[in-house]
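Just the one chain here, laid out as structure tokens, in the form predicted alone.
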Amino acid sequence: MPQSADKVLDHTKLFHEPEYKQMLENKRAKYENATPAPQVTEILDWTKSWDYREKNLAREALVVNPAKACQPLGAVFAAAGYEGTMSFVHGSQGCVAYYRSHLSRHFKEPASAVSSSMTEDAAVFGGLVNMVDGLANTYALYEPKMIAVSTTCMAEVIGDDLNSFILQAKDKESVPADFDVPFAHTPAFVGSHVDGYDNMQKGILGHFWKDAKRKENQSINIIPGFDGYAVGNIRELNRMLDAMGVSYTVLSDVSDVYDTPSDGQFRMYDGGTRLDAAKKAVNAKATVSMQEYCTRKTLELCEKVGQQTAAFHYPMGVGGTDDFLVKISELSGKAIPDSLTLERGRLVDAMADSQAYLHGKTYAIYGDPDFVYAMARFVMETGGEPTHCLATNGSKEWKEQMEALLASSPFGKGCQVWAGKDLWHLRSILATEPTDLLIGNSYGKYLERDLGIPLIRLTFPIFDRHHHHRFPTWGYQGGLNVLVKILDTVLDKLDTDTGTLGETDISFDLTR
């Protein structure tokens, strides 16, 4: 065999060794009864045609590779941003394993969450016993300061009442009567992870703010929303707000949770919004959401207690950051400092320096509604042309907002907005109307391979590249990072297209 203790091959090389090639060939011949290669090629070619596209876009009863995840994932993410908080998902173990693996694969950090481990008997008789035992075990084993409860499909289908179950568990002394156990119903079969994030934020804040006597101060609450770049973005957000001298509280701060150091100490809980700060946040003058579609119900709660609210679409680039800082200045009475104005000018200068390589480039952009909006806006600032904008969890209202944004710039003319479509739809769209570049998450690498359109990874999840989340995409500095990623992809493609010795290398330029 080609592999031994002294010679350990990565799987990408191992399965190309002769022994494995022969093994796989024998398997195909004996068991798979594969369709002949010419027929496979013929069908693949047809799936890239306009005829197939029309059939694919007319599809209603099937979703193939949606660009979204389910509600409980967003709930687990939101809860992780609070001090000493353990997520308790009322449902099966397999579901929770998915949430943990999804987050840990993206952030390259442990993602703690527990399950009530519901099985067939709980599906028939209800999960109260699982809740009672599970809360007791969680409290005893993991010593959290708060347990945040959410649900999966199983618990929602049978109608388990979280509020009642938690009260009964406290009666049975699973946890102390005054222990914080906020909850949110997060049915995975409707909505997406952004809705789960919203429901859990509302559940936690509603728990702390219930019956509170509000005494308004000048502080501003900031809700980041579900964000794969949260480590870098929240730290960049803190830096900008500190530079302005604003009094603020970030609600669900995961920046340290998903970026713990390797120093010999395991941190099950690290950082996060302090629970006493979350309680006092009811007194804030205003609550500002960095992502509107992640916080609609939460902002309604904030308005109900008497706070001003404002919502943005993932502030990125010049215009998005301008709008955010101007609003913060208006709410806080603090001026935007010269240091941030200089950063703005540097971003504009960088965009101007590289304009010749970005002007007229066409893009397909997919992801969460707020991200797609922000990305399209920034692309147009660079002179690029968003051609296809897709959000599987995008609503009719989101589509109207996108169309208004695109109509505001000559670079948005002709862009098609695809709300509710998935990545298999996008494959047909790009096969028939290709673009220069593709922006989204790691799942787009299959589109890149299939259609030859370079992929720029800029949103959750990113599994096949490391540490992107440590660098911001928000603010002027984040906009510069995004600009560089786009430019590197454009210039790498230029090198590839001009890199054949003696054939295409006439313009294989050293200086660009």
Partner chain sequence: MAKDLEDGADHTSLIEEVLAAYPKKAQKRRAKHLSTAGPVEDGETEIVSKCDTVKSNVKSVPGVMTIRGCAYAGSKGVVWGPVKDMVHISHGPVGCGHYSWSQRRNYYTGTTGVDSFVTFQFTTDFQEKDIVFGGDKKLEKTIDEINELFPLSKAISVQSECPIGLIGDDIEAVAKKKKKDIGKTIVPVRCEGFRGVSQSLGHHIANDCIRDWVLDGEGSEYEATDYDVNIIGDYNIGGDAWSSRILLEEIGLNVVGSWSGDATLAEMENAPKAKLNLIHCYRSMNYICRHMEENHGVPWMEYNFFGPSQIAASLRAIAAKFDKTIQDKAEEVIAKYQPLVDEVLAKYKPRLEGKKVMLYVGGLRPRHVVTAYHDLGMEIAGTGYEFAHGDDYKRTGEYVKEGTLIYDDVTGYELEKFIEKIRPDLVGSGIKEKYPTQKMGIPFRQMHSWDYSGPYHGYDGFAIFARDMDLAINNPVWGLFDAPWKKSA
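All values derive from a computational prediction rather than experimental measurement. Residue numbers count along the first chain shown, from 1. Definition used throughout: the rigid core is the maximal C-alpha set that superposes within 1.5 Å between two forms.
Although not depicted, the form predicted together with the partner chain is the subject of the following passage.
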property	result
Contact of Gly94 with the partner chain in the predicted complex (heavy atom, 4.5 Å)	yes
Contact label in the predicted complex: Tyr99 to the partner chain, heavy atom within 4.5 Å	yes
Residue contact check: Trp424 to the partner chain in the predicted complex, 4.5 Å heavy atom	yes
4.5 Å heavy atom contact, Lys170 to the partner chain in the predicted complex	no
Contact residue in the predicted complex, from Thr119, Ser329, Asn163, Gln355 (heavy atom within 4.5 Å of the partner chain)	Thr119
Listed residue that, although the partner chain is not shown, lies within 4.5 Å of it in the predicted complex (heavy atoms), from Val348, Ile158, Ala404, Ala335	Ile158
Non-hydrogen atom within 4.5 Å of the partner chain in the predicted complex for each of Gln307, Phe324 and Gly478	no
Segment assignment from 375-383, 104-112, 271-279, 291-299: heavy atom within 4.5 Å of the partner chain in the predicted complex	104-112
Residues in 279-307 close to the partner chain in the predicted complex, defined by a heavy atom within 4.5 Å, in order	none
Rigid core fit then Gln22 CA moved by 2 Å or more between this form and the one not shown	yes
